[in-house]
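Take a look at this single chain in structure tokens; it is the form predicted on its own.
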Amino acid sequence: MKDMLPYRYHPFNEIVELEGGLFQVNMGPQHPISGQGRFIVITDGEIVYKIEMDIGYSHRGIEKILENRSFIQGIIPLERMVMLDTSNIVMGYVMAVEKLYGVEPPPRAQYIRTIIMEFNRIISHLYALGLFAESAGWNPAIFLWTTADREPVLDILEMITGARWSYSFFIPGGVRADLPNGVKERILTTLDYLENRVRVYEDAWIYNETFRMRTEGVGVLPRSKAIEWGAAGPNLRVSGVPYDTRKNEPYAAYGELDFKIVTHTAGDSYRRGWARVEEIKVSIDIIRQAIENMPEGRIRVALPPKPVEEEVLTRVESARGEINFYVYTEGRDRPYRVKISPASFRNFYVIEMLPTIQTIRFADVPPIIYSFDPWFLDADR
């Protein structure tokens, strides 16, 4: 790979010729695959010389907003980080508040939280799989399938929380309401449906030889680099690192449930997609265990008048990987400082580093990026 040549970014032109025969291709922020950001791709012919994730288009200052909100009020802006995965995002913050106040939610609340978090993981993975299929030039029906298959899950979440997307259902000390009558049967029926649909995805897409040729061996992330560069979530685990916060540092009801960590060793784009299909199966199993072993009792406890700790650090496993919350307070009912370390921000760095260790062709850039399940709103926060 040639030495880096000096160049400046051209923000508006689609393709710009640079020095030394390099070209800059801007993919976004209006490009169909870019979402709420821009990929700056420097190419030498078909060979990708550099990928830079240009974020900030959707920065909302959530960390600063939380300084001017009570702990309860802070839940609402936090859910805007990842609307597909709101409960897993909020869980880290709510856990931090509970540690600050020295309270432990009742077991029933922990099981209800676990069910909702795993349903959020399922709908997030379904969305990621649909985008990954389209980015690889695969049948657009996959995205339509995954979109339609999220609907039964959203119906259940609406039945439990009263909302389909932004729930504000987890609160410090527990959850806002108990499970409604008839929801257990509805959940089990939906899980059966999802299991059948996952088999369809595998037969029509994951095991399809053409799709494997398009993505297998593409964008390989070796185990050593996955650790060094801080990859998170399924992107870390398919490189042979069996780390999942739900297992390694259990929270909610995960410590009482039996489930496996999905791992692979190839670390390529194909396995990153395949792992999310397998993780949907794991989530289905977790929900089944949680609903069958649901304890009786209260669903929340009251907070004491004042926090008993000044600072805490919590971590949970969101759909995109581990997210950390550092919360510092001065004994008030609101934080003095909140620092969030989301998975997408770390995974963006991994994507940028891939061209430094392997040859990447321009046509492979979209499937590589979307195999990592990027979320600009998560990184920008």
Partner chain sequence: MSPSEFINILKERFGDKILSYKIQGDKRIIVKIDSSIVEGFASFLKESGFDMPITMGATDFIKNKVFEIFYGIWSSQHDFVILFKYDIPRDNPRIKTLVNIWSGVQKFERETWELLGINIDGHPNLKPLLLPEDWNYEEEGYPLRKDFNLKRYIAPWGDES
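Not measured: the values here are computed from a predicted model. Residue numbers count along the first chain shown, from 1.
This protein has a second form, the form predicted together with the partner chain, left out of what is shown; the following refers to that one.
*Asks:* Is the partner chain in the predicted complex close enough to 236, 345 and 380 that every residue in that trio has a heavy atom within 4.5 angstroms of it?
*Replies:* Yes: 236, 345 and 380 each sit within 4.5 Å of the partner chain in the predicted complex.
*Asks:* Residues in which of 116 to 124, 270 to 278, 163 to 171, 226 to 234 have heavy atoms within 4.5 Å of the partner chain in the predicted complex?
*Replies:* Contact-bearing stretch, as computed: 226 to 234.
*Asks:* Within 4.5 Å, heavy atoms only: does residue 317 come near the partner chain in the predicted complex?
*Replies:* Judged by the heavy-atom cut-off of 4.5 Å, residue 317 is well away from the partner chain in the predicted complex.
*Asks:* Does the 4.5 Å heavy atom contact test between residue 312 and the partner chain in the predicted complex come out positive?
*Replies:* The answer is yes: residue 312 has a heavy atom within 4.5 Å of the partner chain.
*Asks:* Might residue 241 be said to contact the partner chain in the predicted complex, defining contact as any heavy atom within 4.5 Å?
*Replies:* Residue 241 belongs to the contact set for the partner chain.
*Asks:* Though only this chain appears here, would residue 249 touch the partner chain in the predicted complex if you measure heavy atom gaps against 4.5 Å?
*Replies:* Residue 249: contacts the partner chain in the predicted complex.
*Asks:* Heavy atom within 4.5 Å of the partner chain in the predicted complex: which residues of 60 to 91 meet that condition, in order?
*Replies:* Counting only heavy atoms within 4.5 Å of the partner chain in the predicted complex, the contacting residues of 60 to 91 are 63, 64, 67, 68.
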